[in-house]
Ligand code: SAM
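Take a look at this single chain in C-alpha cells; it is the form predicted on its own.
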C-alpha cells in the first residue's frame, strides 16, 4: 500500500507475528479503558488493541513517514484513536488527563531504559505499563539484589512498581530481525510511594558509580557523621553496591537527605 523502509536510527523493529500481537492485546481487559501506545509504527498492535473496545487510545509516534498507515487506522476509529507525532522522550506526560491509563509499547532498544525511568516520575498516572524491551533490559529491571543485572535501574524501577516478566520473544518475530531476544514485561505501580525521587536517584548514582568497589569507597565524599548514621542503621559499608537491598537504599537516602 505504502512504500516504507524501517529506519535503523529510530531502532525500528516491527513485531509481525499476529499471534503474539493478539496475545499482547489480551494481557489486560482494555474494554472501556484508556490506552497510551508509544511507538505504534505501522499500527499492527494498535489495531488489535482497538478491537478490545477501549474508551480511547492515544498513540505517540516519532516517525511522520508512518502517518499514512496510522491515519488509515484512525479513519476506522475516528472517535477513539488520537495520534500525536512527537518524540516520546520529549513528550510532556503531565498532559495526560486520565487518572489511570494503560501504557503499552514496543520500545526501540536504544532508548528503552531512558523512557522507563522517565515514566517513573508519572507512575501514579498509570494503571499498568506493558512494554517490549531487549531481554537484557528486562533482566535488569526485574533483577534481585546480589544478582548480575542488579543496579541503579533495578532499584529505581522496583521502588516505584512491581515488575513481572511475562514472556520472551525471539528475533524472527520482527521485521527487520534484531540481533537480540526481547521480553514483554509489566510494571504495576505501587500505591505507597513514600520517598523523594531526586534524593534516592542521587544516592544511587553515587553508590553505583563504581559497582566493583565497596560502598565505603563510593561514599568517601560524604561527611564522617553521615557515614556513621549509615553504619548505625546496620548497613555494611564493606559490601559492594549490588549487595545492598532496595529497603537499605531507601533508608540511606532518608538518613542522608
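Positions refer to the first chain, counted from 1. Values in this document were obtained by computation on a predicted structure and should not be read as measured data.
What comes next is about the form predicted in complex with this ligand, which is not displayed.
- The stretch from 82-90, 164-172, 121-129, 150-158 that comes within 4.5 Å of this ligand in the predicted bound form, counting heavy atoms only, is 82-90.
- Across the proposed site, 10, 66 and 106 without exception bring a heavy atom within 4.5 Å of this ligand in the predicted bound form.
- Residue in contact with this ligand in the predicted bound form (any heavy atom within 4.5 Å), chosen from 73, 111, 96, 117: 111.
- Proximity of residue 33 to this ligand in the predicted bound form: non-hydrogen atoms within 4.5 Å are absent; the residue sits far from the partner.
- Although the partner is absent from this view, residue 237 stays clear of this ligand in the predicted bound form, with no non-hydrogen atom inside 4.5 angstroms.
- A residue is said to contact a partner when one of its heavy atoms sits within 4.5 Å of a partner heavy atom; residue 20 fails this definition for this ligand in the predicted bound form, lying far away.
- In the predicted bound form, this ligand stays beyond 4.5 Å of every heavy atom belonging to residue 246.
- Interface residues of 56-71, taken as those with a heavy atom within 4.5 Å of this ligand in the predicted bound form (partner not displayed): 60, 61, 62, 63, 66, in sequence order.
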